[in-house]
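The chain below stands alone, shown as structure tokens; this is the form predicted alone.
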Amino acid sequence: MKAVVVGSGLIGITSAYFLANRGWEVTVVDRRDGPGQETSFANGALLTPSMPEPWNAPGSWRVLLRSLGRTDSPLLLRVRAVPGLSGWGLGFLRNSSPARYERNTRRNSALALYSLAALQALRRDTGIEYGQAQVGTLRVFREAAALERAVESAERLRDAGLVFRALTRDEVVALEPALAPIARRLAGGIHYPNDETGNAHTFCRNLAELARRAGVEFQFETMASEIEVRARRVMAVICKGKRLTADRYVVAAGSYTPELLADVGIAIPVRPVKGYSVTFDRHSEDPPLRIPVVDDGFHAVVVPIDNGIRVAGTAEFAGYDLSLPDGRIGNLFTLLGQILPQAEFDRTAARFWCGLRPMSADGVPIIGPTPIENLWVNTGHGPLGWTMAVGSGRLLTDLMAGESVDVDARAYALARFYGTP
């Protein structure tokens, strides 16, 4: 069997790798000059099955409305993006009811835990390296009420396999001494020992090399401009006027998936949500953090990565804008100062980045077949793309091969947006 995969980020690379290892002849096309050059390039570096909650929590619409015009808001809705969010936004808000939010949280939790286990198996089987660390994450809270709500939420997922430990302020500092300067501002924290970290871009590059060895052909700097469909079947993907043909086709183009599929009459309820990061290279044996810290109040993460530090956060509904406004980057410096006020970082050596997270209307990925017989999709992972990547690629491969799957595939099917629960 032959397959063409559009996209070489985390989701496209994992899909291609597992298909090739199942004996498929795979071609991957991507508009950039190498794997993992867009949303997978400099993300938060966290694999967090501990935080499966979608971003459309009950009452989230109030937060979005309050963010209008506030560039310092962790969650920002740009006025110019509102028209493009109209239909999708209704679905986003509809899924913020308590019952749907709880259901979708559990769906994300199941896929995230499955994916982490699949990643661990991949490491054992291949020895792949990507700066990985298995020290968990530390989530800190500045308000007692927020800590209490988070503990209650974690308790509800304990039966699904979530492992966690609630910490007092003193226990937080004992686990991460670098937080001692802000100890008085903290109400406590939660340690999730099974979370992991790793450089997603390095993972993409190294898994792409393993995929090449398995026979995958990569065509970079190759834009997929059109999907040619006849009688509800894909006949070819058109790239630079050239027709690429296969038996099956996978679109894993992140936030750009809806644009590509709209031309063949398939509506994918995914919109881009912009995120930012700043990375500092320290190249020392003594990084300022032992463990990644998630600051619940500031909606930011500070992560030790490659002997350096990355601070990532904020969510911005701004369409396909990839600019780096000084105000938004400045927010990350401010957030870093709130978490590590005594650490010194050379701002002139900082590397700035932004990327577009593909967010589905219900906050759950879309993985599986489409109404076109031989066309498949793998997108919509939002902030959990790195967490869910390996499991998503494996799930898609099992579905395409007609084999049994280890999670409820219906929970991630595109069909759920067309009347199927």
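One rule holds for the numbers: they count along the sequence shown, beginning at 1. Here the structure is a predicted model, which is why all the values come from computation and not from measurement.
FYI, the form predicted together with a small molecule isn't displayed, but the following is about it.
Though the partner is left out of this view, Met223 does reach within 4.5 Å of the small molecule in the predicted complex, counting heavy atoms only. Remark: Glu53 does not count among the residues lining the small molecule in the predicted complex, judged by a heavy atom distance of 4.5 Å or less. Residue contact check for Leu289: none of its heavy atoms lie within 4.5 Å of the small molecule in the predicted complex.
The small molecule is not drawn, but in the predicted complex it has a heavy atom within 4.5 Å of Thr387. Taking the partner from elsewhere, no residue among Val4, Arg22 and Thr397 has a non-hydrogen atom within 4.5 angstroms of the small molecule in the predicted complex. Partner proximity in the predicted complex, defined as non-hydrogen atoms within 4.5 angstroms of the small molecule, places exactly one of 207-215, 271-279, 344-352, 167-175 at the interface: 271-279. The single contact residue among Tyr114, Phe141, Tyr192, Tyr256, judged by any heavy atom lying within 4.5 Å of the small molecule in the predicted complex, is Tyr256.
The single contact residue among Val151, Leu244, Val135, Leu260, judged by any heavy atom lying within 4.5 Å of the small molecule in the predicted complex, is Leu260.
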